[in-house]
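As structure tokens, one chain now follows by itself in the form predicted on its own.
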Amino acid sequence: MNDPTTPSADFDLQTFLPYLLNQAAEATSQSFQATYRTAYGMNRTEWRVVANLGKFGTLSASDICRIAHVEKTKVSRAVLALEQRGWLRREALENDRRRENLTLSTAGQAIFADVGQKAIAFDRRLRARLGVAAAEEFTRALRLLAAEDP
């Protein structure tokens, strides 16, 4: 029986796949964050709201939470901040006043187009670092992990 106060010789955090995925995601996300933070003063959740509305069009806050895997309170704060800047519009649903449809304003669409082009360039640089074959295999592996609960 292992002593709970003694570190396990079997477990190595540095090779634990969830830890490595988190480290890679944080490093790349923080690097790209400089793009939208510098140009538009957005935080990560605000960018995720803009990116999802830019890609999918009209969504509810609940839809964004589900798609982007972001907590409801963070999305609510992001929606309010984006609305105050004039980058997002809300429209209450006639049949359910508790839900709102969210869409990007014309200014929000322009920001999505601008940051989206920068995101494409950032993605190309990441893929170039990996090489074509490794980037394709890595993309397949990430999609497999995202689709299933291991």
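What you see is a predicted model, and the numbers here were worked out from it, not measured in a lab. Here, rigid core means the biggest group of C-alpha atoms that superpose within 1.5 Å across both forms. From 1 onward, residues are counted along the sequence shown.
Note that the form predicted in complex with another copy of the chain isn't included here; everything after this is about it.
Candidate site formed by 13, 24 and 68: every one of these residues places a non-hydrogen atom within 4.5 angstroms of another copy of the chain in the model of the complex. With a 4.5 Å cutoff on heavy atoms, residue 55 counts as touching another copy of the chain in the model of the complex.
In the model of the complex, no heavy atom of residue 81 sits within 4.5 Å of another copy of the chain. Looking at residue 116, you'd find a heavy atom of it within 4.5 angstroms of another copy of the chain in the model of the complex. For residue 123, a non-hydrogen atom is located within 4.5 Å of another copy of the chain in the model of the complex, even though that partner is not displayed. If you take 17 to 34 and check each residue for a heavy atom within 4.5 Å of another copy of the chain in the model of the complex, you get 17, 18, 19, 20, 21, 22, 23, 24, 25, 27, 28, 29, 31, 32, in sequence order.
Comparing the forms between this form and the one not shown on their rigid core, the Cα displacement of residue 130 stays under 2 Å.
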